[in-house]
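To begin, one chain is listed below as structure tokens, in the form predicted alone.
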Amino acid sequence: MKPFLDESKPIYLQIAEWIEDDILRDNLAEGEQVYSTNRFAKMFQINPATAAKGINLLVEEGILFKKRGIGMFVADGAKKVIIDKRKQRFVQETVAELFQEARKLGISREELLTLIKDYEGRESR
């Protein structure tokens, strides 16, 4: 299946996120080999250097590691690294924006918590 690419962000970041998502969904386990840059290039119909940039980003973050002559593999603890990174980004982007907007609208902390609980109740139905 060819993953969908969009123009909202650079392709190499989308490749990195695609790999991260596979790790989070347990489609890629620690120690498991990931696709090669050539396979990503063919799958996404992009330059292999673009695919390599996404993979190298994950190597720099300790999510992947290279076995010389064999390929790239999921590092031990990669899932926790991804979760920690995304939680931090979630707080910095989504939660901060939520609180700023609530403040502008005069929504109290208690009212905001009620709105969140009500939304959660609708989602679970």
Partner chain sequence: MTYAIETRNLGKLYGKTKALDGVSVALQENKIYGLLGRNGAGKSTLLKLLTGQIFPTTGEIKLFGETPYENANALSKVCIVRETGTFLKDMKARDALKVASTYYPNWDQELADRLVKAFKLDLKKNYKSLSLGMKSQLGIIVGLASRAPLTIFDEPYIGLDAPGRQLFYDLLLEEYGEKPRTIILSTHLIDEVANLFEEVIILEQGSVKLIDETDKIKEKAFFISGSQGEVERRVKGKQVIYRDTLGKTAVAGVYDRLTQEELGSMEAAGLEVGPMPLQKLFIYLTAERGEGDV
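Positions refer to the first chain, counted from 1. Here the structure is a predicted model, which is why all the values come from computation and not from measurement.
The next section is about a form of this same protein that is not shown, the form predicted together with its partner chain.
Proximity to its partner chain in the predicted complex holds for all of I46, A49 and Q100, with the criterion being a heavy atom within 4.5 Å. Put simply, of Q88, N27, T94, N38 only one has a heavy atom within 4.5 Å of its partner chain in the predicted complex, and it is N38. Its partner chain in the predicted complex comes within 4.5 Å of no heavy atom belonging to E120. Contact check for L112: no non-hydrogen atom falls within 4.5 Å of its partner chain in the predicted complex. Taking the partner from elsewhere, I11 is found to have a heavy atom lying within 4.5 Å of its partner chain in the predicted complex.
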